[in-house]
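Given next, in structure tokens, is a single chain: the form predicted on its own.
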């Protein structure tokens, strides 16, 4: 007889494990199923984000940033270092240790909240029945629940004629575990993953070429931010080639030969390692039986309504496998909302204020609409901006690159979008998210006292500049 739960969560990524914990906090008997196994062979709840995504990539970004600054920036502070070197295996080991601590922490949270954890593959069947196939090869288990939350996440997209081999042609997982710095590193895709991992190995000495099929750089970001960012990345040595379509890639004699097509025709490039980072797709393989009642969209996403309910009664879905941006924090908030809805509490997700961050150096962060989106929609707006080059704290720290740009409704002054290129942009954007959640205006931020000297003063000055009242820049 199947064991009965109030809630079963399939997937223990940022959407799944958070949903499970919140459901348990609300007094619901909860189980969570996940496949991830750590390098030590033990269960590793946390999904792509904790195991092979957000967290390990940030660990490597920080390590490589310090090494780069040691060589290029510290001399301006009077700090002289000779013959600096990077121990790549030690850097990777540090990253692995951080991952182990965090996934272990999720495991402890499960125990503390009395969540039953199954390491295996979960499959939803008719009538909210779940079959678990354990990773250890033991007999499948049958579970039953009043509510199911699908949080199966996403996987990297493969492209035709470029096959992953895990050694020479890799996805984001492989690019986190190099034993040494490749002399030449090719990256297909100049999006978030490509820029971040390209930056890591570029800072450590690899020659990095990013091959981007689109004609524009970071079209998802505001045009002023992406334009400045492209200039800065070029200075750092990243070779970003736009309008370049990859036709095929082949491995021969320990090298990857890539055939590309651009405005000049077809040509070939050779790399030690090639990273494919052209986006991700929902991971639903083996997740649903034919009679589960859950429908998929044409894009392969699990179909849900505004409250994350699927087409099957009592079945919900959150995170990368549903509509909306594939962001860990978006998944977590959806997971919390669904757990609270199941418990009969009110909950809502405001997708208009989900922040985006690219953890390059300088960082790129934004929330709300871009200027090009407002123009396309015919919305009248005012613009304010402030460069970090005029911010005292930024200059004192050697971080004068970038700007804060604010967009506000021309009639109501409500903030419609904020875009930041600069150091700690990932932290600075939160103030803007809060303001937008409360339907704040640029005047609201302009009226608030910001500590001096801080980077956040750039946000204050950008808000003042919307009304052409910025003090520390020309209007």
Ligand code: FAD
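On a predicted model such as this, the values are computed, not experimentally measured, just so you know. Numbering follows the first chain given and starts at 1.
Omitted from view is the form predicted in complex with the named molecule, to which the following refers.
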Contact flag, residue 359 vs the named molecule in the predicted complex, heavy atom cut 4.5 Å: yes
Interface membership of residue 384, the named molecule in the predicted complex, 4.5 Å heavy atom rule: no
Residue contact check: residue 450 to the named molecule in the predicted complex, 4.5 Å heavy atom: no
Residue 12 within 4.5 Å of the named molecule in the predicted complex, heavy atoms: yes
Contact residue in the predicted complex, chosen from 141, 109, 327, 343 - any heavy atom within 4.5 Å of the named molecule: 327
Listed residue (31, 52, 60, 436) with a non-hydrogen atom within 4.5 angstroms of the named molecule in the predicted complex: 52
Stretch in contact, per heavy atom within 4.5 angstroms of the named molecule in the predicted complex, of 298-306, 393-401, 93-101, 153-161: 153-161
Residues within stretch 371-404 having a non-hydrogen atom within 4.5 Å of the named molecule in the predicted complex: none
